Structures are given as C-alpha cells and as structure tokens.
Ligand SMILES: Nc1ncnc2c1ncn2[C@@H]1O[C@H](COP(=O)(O)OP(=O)(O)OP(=O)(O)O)[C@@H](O)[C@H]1O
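Next up is one chain by itself, shown in structure tokens, the form predicted alone.
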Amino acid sequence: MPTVISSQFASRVTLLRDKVESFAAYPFCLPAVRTLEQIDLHPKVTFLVGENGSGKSTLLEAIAISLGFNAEGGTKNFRFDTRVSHSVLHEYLRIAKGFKRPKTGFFLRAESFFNVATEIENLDAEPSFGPPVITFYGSRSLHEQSHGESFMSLLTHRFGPDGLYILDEPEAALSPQRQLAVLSRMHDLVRERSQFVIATHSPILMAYPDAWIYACTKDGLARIAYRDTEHYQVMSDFLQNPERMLRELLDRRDDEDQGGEGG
C-alpha cells in the first residue's frame, strides 16, 4: 500500500514520552500533557479548550516553538525575549509536517501581543533598506489602537494565504461582534489553504464548522463535539434562561454568606 504524504502544514503532535524523566515535574504534570501520546491536527482548524491551568496554552506554546516561532509571539523572523517564561515542553515534542511548507505564519499570544507591537516599533527605528515593518500590519502603530483593533489589523493585513497560524486566546478583548468577524476572516484564510491551531475559551470561535476540538480535562486530552463542550453548554443554558441561572447562582451565594456569619 503506498504511503500517503499529508499536504497540510502540521498534521500530528507526538510527545516523546521516553525522554521524560518525571511526569510529576512541570510541565509534564499538567493534565493536557501528563497522558499525552499524540494528537492529530485538522488540516484547517484545531481547537484546544479547557480551564485555566489545564495546560492547553502551555501545549500550544510548545507546538509553536517546535514549529520555529518565537516564544513570545510574532512571525518566525521575530527573535526577542522580554522575559524567559516558556517551558521546556517543546524539546519533547515531535511535529509531523506535510510536504508543503507554509508561505507565512504567526504565533499570537494575547498576553504578550504588547511586546510584539513594541518589537515592531524597535525594528522600524533601525536603519533598513526595506519598507517599515508596520507597513505589513496596516501602517498604523498597534500601540495606537485598542487591543481588539490591533488584533483585527493583524488578522486583516498580516495574515495571508498558505499560512500556519497558532493563536492563544485570540478572543481576549474582542466583543462578540468582533469574534464573528474573526470567524469570517478565518474562513477566508482557510479557503486560501491556511491552517489554524487555537487555544480558546470562546464558544463563538469554537463553533467553526468541521473543526476538531480537543478538551483538556483532568484526565487528559480528548476529542469532543462542539455541543458537548462545557463552554457551549454553559452559554446555551444561560442564554435560554438567564434569570433562572442567576437566581440559582446568587441564591446559593447568599446561602453561603449567611452560613459563614457568626463563625
């Protein structure tokens, strides 16, 4: 039987478990890592979802670094660090790649996007024979825009066809309307042969059709259907009857407060 070579940019992430000395040590003790053997990536969009502390962002960061991106974000041409805080997990990952190489790419970290914007200004302050770097981001300083505006500028001007995009919580500071705009732009890029791997809490973003969703639970990573995610179920329950949910939540809180009085 002939070997099928994947045409997607990144197709599988494997943890080299035999290299790990202890799964009790960080970051190997994190739920998303502790039981990880391998996960397949969708050729278009893959989501990692889960509570803070589950390890989804740590795993996403390691995937990005393994693919050649700067730990604090940016394109593969960015090489700066304001604070070394990434884990060693990337040293224990193997990424299976297709025969095609992406023409462009970007690693977005919501928490360090400010540093990327600063690095762009630092690069443009240096002598250069080429156009200013900010030209490729809409020609307006990202620091002079809100977080939401600067991300949309990035998505509109810097992201292009045949790209590999690793996004960590891109919904930060985005209104629901802006999140819908992100979905639309993502779809345009997917139709232009781009691939996304995204860690998110947003039930709007993870609704992207046919995407693969991996839930990071206390028992590890598992593929899950969109409507089975806790994010969808909580949001759906709330929107169907917000008064009932608020009543139950706040009444329980009042009971807890009363129970603590006089202690």
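In case it trips you up, residue 1 is the first one in the sequence shown, and so on. None of these values were measured; they are calculated from a predicted model.
Unshown form predicted in complex with the ligand; subsequent notes refer to it.
The single contact residue among 58, 202, 66, 217, judged by any heavy atom lying within 4.5 Å of the ligand in the model of the complex, is 58. Note on the partner interface in the model of the complex: the residue among 228, 40, 237, 51 having a heavy atom within 4.5 angstroms of the ligand is 51. Every residue in the set 26, 30 and 169 has a non-hydrogen atom no more than 4.5 Å from the ligand in the model of the complex.
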